[in-house]
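Shown next as structure tokens: one chain only, the form predicted alone.
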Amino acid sequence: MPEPAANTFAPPQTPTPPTRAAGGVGTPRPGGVGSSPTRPDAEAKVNGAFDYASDLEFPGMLWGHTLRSPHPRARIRAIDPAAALAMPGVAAVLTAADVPGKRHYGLIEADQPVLALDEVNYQGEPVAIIAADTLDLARLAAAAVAVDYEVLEPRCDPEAAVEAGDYFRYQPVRLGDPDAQQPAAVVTREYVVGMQDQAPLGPESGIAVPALDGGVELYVATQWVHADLEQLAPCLGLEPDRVHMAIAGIGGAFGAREDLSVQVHMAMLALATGRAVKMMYDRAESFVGHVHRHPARMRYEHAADADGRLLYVKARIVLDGGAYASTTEAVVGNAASLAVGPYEVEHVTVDAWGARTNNPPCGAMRGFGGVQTCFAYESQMDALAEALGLDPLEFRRRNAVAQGSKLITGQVVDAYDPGRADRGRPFSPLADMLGRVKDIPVPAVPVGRDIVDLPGGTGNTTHGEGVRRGVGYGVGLKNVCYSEGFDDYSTASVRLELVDGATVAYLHTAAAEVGQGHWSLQAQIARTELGVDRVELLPNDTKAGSAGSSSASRQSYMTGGAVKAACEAVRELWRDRDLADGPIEATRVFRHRATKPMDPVTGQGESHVQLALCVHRATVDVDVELGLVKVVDLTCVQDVGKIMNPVALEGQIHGGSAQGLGLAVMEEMITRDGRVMNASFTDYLIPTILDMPRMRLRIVENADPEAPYGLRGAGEPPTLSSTPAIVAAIRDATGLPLNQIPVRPEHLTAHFGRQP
């Protein structure tokens, strides 16, 4: 990893304001931007002392539990809670009739019932909520609630839903005239992406406590506390200032905590009983209690001329949104706008839908619409390169976007220094990155490998017979921050004061720390801008202005920008004031440049704030007789704009790559007629340390002049490119087309004369 650029600002030895702004080139300030200070939550998380939301307790609290529909679709004839209420220790059983305010909520469209009204539309939909003295008793009481269902035939085929006009959004993209072109090679294939779960290790959990003013206080694991408040208060029939929300310790998120889960139910129970109520899902409930990655069915046609230049792309993309809207509308927009990836092409026809079905609701997950299309377009790039007899990296290089290129929506790629040049052409960050990954040697097959390093590992399934090696590439283009005209902003307050003779900076934001290290980054920015050593972070809650969601790789950009702006304001005030006269504080709201909605007919529009690129090369060993895959190497080149925290950055790339590996070869929520068949970690597999190879990283810093410090969101791009790279490597090893992910053992063994 290259040495990060950093500022030359030296911290003052006495409490006086810095005399020059941060941001130059030199040695990073200890604990500042460009360094890797110890995270403030690190020790507690390692030794088990960290309080996650599921660890919270309150004197005299009750336990809440949710009664959920066993049917994907059914009409509710009647609900009888009498038997449950008669059980000693049961304090309340609430149904839709007991919702005190609005009966629906939703992040974009308020279409999801707080509790099912006349009909349930997916397996696991909440029907009633129970409060009792213990969790076991609450579960027993839920089983005693009698619900009379009229079971209906579920509608589970997203293609049929689209044909029937039942979808959340349709977004076309039209550019040029694909049908008028005369290509030298055409590749047409269909691709299927399974439903992936975020699988946060910490389940949905929190506590609601009745307040003296008739309101309620909530301590909950969430990614977006102000969006929770905006949806929650109307459902409770309360003014927002009577609902105080604080973010409790979060055990992973990845999009699963953007939508409401326990929030409204435990608040209703707390208000109904007058006692604190804790809710905590078990693993099976968590699988049906949050949204998932949209499964996809895609048909792509790519064409190129004899020189290896893309002529046109046609794509039909159907995403299964499930029963309720969640963020499907935005996911469809991303899928459509990123449908071709980081490649120049003048003629495009894209049609993207988010279908409404009786399958589990789908919404935000790391990559947010870009993952599905990346698997398809990267598979197409490999297939077309093969058809033309070109090296897959060279074919990508010939079509790579550069500074000044236009994406298929007409958006200009302008996030790089316009003065840079690449062999007489505008600077192409992707071409540069492809060259870097090519220069890194592919790992050689070792002699006398340990069995742990072979497919099947310690299962002792093979000693090398039937094992073939393959190498593949993947490139991902991901938007950063929210898109399509959304008024995305973040707020930060900074207070500087003397405490026992020491200068202390206090930071207050509502940004959720979901494990990405944002607490560290806020402190790093304050140390850099103010030159202080001691930084204290106040609780993340709704007493601060909104910081938006910890998603879309946006918090470093948005809340980092807000903290930087607030620190700069405090620094200026400090020049004219003495801290001995009292604290200095400032609050600032940070906004990025404006974006536009995609045109509903042509799909044209500058819809994205920032674009981020990542390139993976995967090396795999495949046992073609047993259908087992071992990823032996992942080499990654990623452009991050500016390295803010080297260790945290490496962790983000490793984590994103691991989730891409999971989607490539193991992770899929299986549904049958709308029913989830594998809602446990016994049957839903996620990568472990034994599945992840050691990674080789090359970090590129092409600063974005529009972004704070020039940074570029880094958490999501690796998830896009790792999946197609791994599948391409499996194709290379086996010679099979493999157009469905995850790749299962039977996809491999069926072609080699054996079944697993």
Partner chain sequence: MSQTTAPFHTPADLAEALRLLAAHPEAVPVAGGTDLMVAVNYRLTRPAAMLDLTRLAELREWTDEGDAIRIGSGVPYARITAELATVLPGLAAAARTVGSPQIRNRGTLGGNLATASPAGDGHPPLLATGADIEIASARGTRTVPVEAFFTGPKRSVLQPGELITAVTVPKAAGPQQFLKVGTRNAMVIAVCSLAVALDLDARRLGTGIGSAGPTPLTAPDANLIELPWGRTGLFNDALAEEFGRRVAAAARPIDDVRGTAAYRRHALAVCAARALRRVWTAAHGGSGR
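Residue numbers count along the first chain shown, from 1. It should be emphasised that the depicted structure is a prediction, and the values quoted were computed from it without experimental measurement.
The same protein also has a form predicted in complex with the partner chain, omitted here; what follows describes it.
The three marked residues, D488, V535 and L537, fail to reach the partner chain in the model of the complex, with no heavy atom of any inside 4.5 Å.
At a distance threshold of 4.5 angstroms between non-hydrogen atoms, P455 is in contact with the partner chain in the model of the complex. Taking the partner from elsewhere, D157 is found to have every heavy atom lying beyond 4.5 Å of the partner chain in the model of the complex. Taking non-hydrogen atoms only, P600 never approaches the partner chain to within 4.5 angstroms in the model of the complex.
Using a 4.5 angstroms threshold between heavy atoms, K630 counts as touching the partner chain in the model of the complex.
Of the candidate stretches 460-468, 511-519, 159-167, 119-127, only 460-468 has residues with heavy atoms within 4.5 Å of the partner chain in the model of the complex. With the partner omitted from this view, the residue of A86, A284, V412, V499 that lies near the partner chain in the model of the complex is A284 [heavy atom within 4.5 Å]. Of the residues A97, L573, I451, A594, just one reaches the partner chain in the model of the complex with a heavy atom at 4.5 Å or closer; this is I451.
Contacts with the partner chain in the model of the complex, taken as any heavy atom within 4.5 Å, map within 122-141 to T134, L135, D136, L137, R139, L140.
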